[in-house]
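Here's a solo chain for you in structure tokens, the form predicted alone.
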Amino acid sequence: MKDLKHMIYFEKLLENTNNELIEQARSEGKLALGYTCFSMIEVLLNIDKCFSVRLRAPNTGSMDIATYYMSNYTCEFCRAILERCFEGGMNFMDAFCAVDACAMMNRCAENIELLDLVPNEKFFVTHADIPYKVEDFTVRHYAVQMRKRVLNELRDVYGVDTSDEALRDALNRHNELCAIMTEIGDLRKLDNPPITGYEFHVLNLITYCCPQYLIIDKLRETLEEIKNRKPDPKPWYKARVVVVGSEIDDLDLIRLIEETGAFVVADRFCFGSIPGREVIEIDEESDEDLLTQICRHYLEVSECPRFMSSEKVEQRRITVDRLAREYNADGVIYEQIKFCDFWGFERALASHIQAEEYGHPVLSIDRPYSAKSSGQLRTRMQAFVESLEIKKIQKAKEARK
């Protein structure tokens, strides 16, 4: 297939956390709000003169200083973020918006705050409590937390307009972005799609890590380019896989998977588009205000394993099965960053259930934060893809009998 016009530019933007578009937005008087979790509502971080930056630590090397403060038994993603703060790589932030969803990220955020690692004059760290169940009272609690811990803080510290009009404008811009990404993502359902999983991963990361108003035009252009793109006559992949698990903000991991012949058709992982890039529907006739309806959406669609209620556990299993069938996947890859407690429990049980109860071939792995140099991981991926390819060949032979 012909290369996408903006792909090299997008990849370059993802080489560093503080990219040129973040610098441009800040030079225009915008406020950079860092966050790390789906539960910190992205829409709110793009209100008025603010823009959201989902934090990453590309090209992470030694994490010795962060390990000293957090121990070597904590998630490498959290330690990588803290290490990058020590290095000065997060100094662009005007605020860090954290949620009490993960104990390890809480420790990371506390160290950033207590050690005064971001020298901006008005910089602050805010923590919001996130419910563990979806009930009317928990939705209301979520909305109160977002109002007090995020919107009011931005208003009081930086004079941000947090009115319903400003919130609706942020929501409309968010929905436009999500509509574009959903349309691009749906093309992966085709037998011979005009986009690879790696390319989609790059585009999706851009929407999380760059000021959205500076990339929306290029995304619209890229959507039209992909829709008119002519794929190669024969599909390039050997097998189609759904990837499920913890943070994947590493371009090299998806590249590694696809280099072994697997096409990543659905990204049900942190930093993925499922959930996160679906349009948020608002009921204008509802008694709930706009903020509460947005909070309800985030609670209902969240697939995070921190939710341990039986209905959420079942929801996650059904979602993976649905995606595997909807995207015509040959198998499922469950992955987690080492020492991630929530995904550790989820991966161990859910991967077994998907194989035994739903009949999907499953590869289950734990991995370092930066996986590009893992020869063992590549070998396991290759073996899994070969097993899926053999199953397809055997199935085709049986169908001809």
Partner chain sequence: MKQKIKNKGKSFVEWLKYGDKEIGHLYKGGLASTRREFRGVKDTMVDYVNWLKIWGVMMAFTSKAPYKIARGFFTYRWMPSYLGVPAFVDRNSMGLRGNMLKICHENFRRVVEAGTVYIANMMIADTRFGDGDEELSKKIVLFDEMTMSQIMGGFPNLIGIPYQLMPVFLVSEIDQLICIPYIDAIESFGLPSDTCPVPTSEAGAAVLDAYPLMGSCFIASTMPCDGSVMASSYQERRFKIPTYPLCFPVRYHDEDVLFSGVEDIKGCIKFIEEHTGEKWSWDAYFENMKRYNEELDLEMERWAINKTNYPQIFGSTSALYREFAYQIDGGLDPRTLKTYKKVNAIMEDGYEKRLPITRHHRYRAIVWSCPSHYYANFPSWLSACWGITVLADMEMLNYDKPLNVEDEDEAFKDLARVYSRMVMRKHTNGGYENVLPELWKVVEEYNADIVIMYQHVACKTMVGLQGLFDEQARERGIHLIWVPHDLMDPRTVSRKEMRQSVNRYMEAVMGATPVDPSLVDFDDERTW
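For clarity, every value in this text was computed on a predicted model and none was experimentally measured. Positions refer to the first chain, counted from 1.
The next section is about a form of this same protein that is not shown, the form predicted together with its partner chain.
Of the residues T74, T207, S302, T162, just one reaches its partner chain in the predicted bound form with a heavy atom at 4.5 Å or closer; this is T74. For the options S246, S273, Q145, T222, the residue carrying a heavy atom within 4.5 angstroms of its partner chain in the predicted bound form is Q145. Picking from 324-332, 171-179, 293-301, 127-135 the stretch near its partner chain in the predicted bound form, with a 4.5 Å limit on heavy atoms, gives 127-135. Here the marked residues L21, Q24 and N192 all miss its partner chain in the predicted bound form; none has a heavy atom within 4.5 angstroms. Its partner chain is not drawn, but in the predicted bound form it has no heavy atom within 4.5 Å of D252. Contact annotation: L187 falls outside 4.5 Å of its partner chain in the predicted bound form, judged by heavy atom distances.
Its partner chain is not shown here, but in the predicted bound form it comes within 4.5 Å of a heavy atom of I353. Among residues of the shown chain, A95 is not one whose heavy atoms approach its partner chain to within 4.5 Å in the predicted bound form. Along 60-78, these residues reach a heavy atom to within 4.5 Å of its partner chain in the predicted bound form: T67, Y68, Y69, M70, S71, Y73, T74.
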